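Take a look at this single chain in structure tokens; it is the form predicted alone.
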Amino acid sequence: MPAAELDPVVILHERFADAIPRAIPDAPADADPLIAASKRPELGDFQCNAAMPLAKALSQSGTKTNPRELAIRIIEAVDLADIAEPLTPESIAGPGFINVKLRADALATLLTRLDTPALGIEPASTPETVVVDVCGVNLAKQMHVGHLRATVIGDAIARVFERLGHNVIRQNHVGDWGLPIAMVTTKLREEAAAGRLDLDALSLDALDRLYRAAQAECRGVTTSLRLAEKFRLGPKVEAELGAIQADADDHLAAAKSTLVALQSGDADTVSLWQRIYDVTMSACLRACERLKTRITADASAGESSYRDELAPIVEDLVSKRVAIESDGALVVRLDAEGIAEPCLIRKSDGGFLYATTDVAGIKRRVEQLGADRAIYCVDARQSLHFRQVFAVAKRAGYATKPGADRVARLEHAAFGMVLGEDGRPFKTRSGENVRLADLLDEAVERAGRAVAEKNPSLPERERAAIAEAVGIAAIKYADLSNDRVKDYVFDFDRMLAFEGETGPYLLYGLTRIASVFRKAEEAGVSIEVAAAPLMLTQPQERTLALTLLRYPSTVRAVAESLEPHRLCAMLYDLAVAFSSFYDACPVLRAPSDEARDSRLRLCAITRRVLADGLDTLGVPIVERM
């Protein structure tokens, strides 16, 4: 049986979908078999719930039919002899629920087929190139909690495609160009020239302060000045505000001059910019490494790398009549794509925008990197922006793969916000964004206290390593386990709990399995159980086996939906199923050697699937806690 058919839900769906047209010729062509896990395990493992909606559909077309009669016709047509106990009229419950109980030997056979190095996930027969937009930091600014989701979700999605054998390219679209960067570059030059700052000892904290100071100096008081003049607050107030505004104008003019120098390649200005870039990206990559992502320097593709491509792209959009002039600016009207708001690609002063850069990014990712799928892990507030740039790129032909006459899939893996306990965006008490480094430090510190409490005899070095893994696992799993498009509340106590759907709970499941094998080794029990026959006689053994078999189809579903929380949910179900099995089915004190070896093999498969799943999500694991 192919690896794609290890999941009983998939198998039953295919079998019943094949049987329904034979049993009910008038059934809708797309009739869903509605296979679901049984809510009453004593009646079966699964249910086919198709009879009731089929009866309703036939009734609407003029054919009144009893759903129970339809269920009988379905069980007479479906072929489950190789996987399930025989279906009889007694298999039908209520108005037409068809209960299916899998044969123990068939379940063992499926699990044996899963128990391979690939764990039932064979490499894609036709690998695709998948480009995933991740992280998205800005120069001279500390990474904050808002960068957590783009980094963690983006890397997890990339890892899923890698696990499936696709060619994955990460792209960290760094905000490293434009007037804001020129402002901080100007400020850096001033501070260094005045001897207040040592460029060789430059830190990201210092750059963050300079960024804020530069923004404040250039902000001005235009609105206040207009109000003062409107309400005639007097010449003194107007003079004071005017002086402030003139100073801001001077700072802004200096920043614009720096931007021109930067764009023209002035050596001194570029050197300062490069120093800002190096300091920022060094901190960014340290954070990515600490978060156990695979985001490296090779993934960096800043806005600056597109600077020479923007003007030619705009010219191309104009020549193709995709872009038109509007009040001196260039826009692309997208009414035909169902988007009321036009996409602005060049301002009236000739300046380019984020949309221009993102259109250039799509063109590069498809034409140069060969993307079959281009996925953008950016927060949901940018949904309109990405709908616009995707539409522009498709209309201009930039999403069409050269020589393939095939349009790449452009997808926005939008995510919600991280909220505080007050239901508002997660901030510090002073109202500032929470720094990512501080967040991780606190998670690890709290995890260290919890680990020390549970296992005070651990050596300090080992405890520190475990605390780092548990803290990072807690943060990442909490983020990934939430439906990506929804906001979630950041709660350290809940994230770091060793009970419930948390990273530490899953890690604890792994350590329990490792403990079983340590005890087996200490007792002199052979742990070479790879070929031990699987004896799935107890309900908890069956439940554990059924959960394990969901793994390959779940990974594939995540790749299709771009929803890592599906894999998190499956792994949590696996940890819960193992806990029930562990409590109800003694392993080393099993009633026979055969039962013991079967259960040890179940433990081994569970450990491999749980570890592989967590690694696929990018969640660090430990063998001892």
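Position 1 is the first residue in the sequence shown; the rest follow in order. None of the values given here were measured: they were computed from a predicted structure.
Unshown form predicted in complex with a small molecule; subsequent notes refer to it.
Taking the partner from elsewhere, Asp358 is found to have a heavy atom lying within 4.5 Å of the small molecule in the predicted complex. Heavy atoms of Val378 reach within 4.5 Å of the small molecule in the predicted complex, making it an interface residue.
Looking at Asp133, you'd find a heavy atom of it within 4.5 angstroms of the small molecule in the predicted complex. Interface membership of Phe386, defined by any non-hydrogen atom within 4.5 Å of the small molecule in the predicted complex, is confirmed.
You can rule out all but one of 159-167, 370-378, 97-105, 70-78: in the predicted complex, only 370-378 has residues with a heavy atom within 4.5 Å of the small molecule.
A heavy atom within 4.5 Å of the small molecule in the predicted complex is found for one listed residue only; from Phe492, Tyr354, Tyr508, Tyr488, this is Tyr354.
Asn138 is the sole member of Asn138, Thr554, Asn433, Gln263 with a non-hydrogen atom lying within 4.5 angstroms of the small molecule in the predicted complex.
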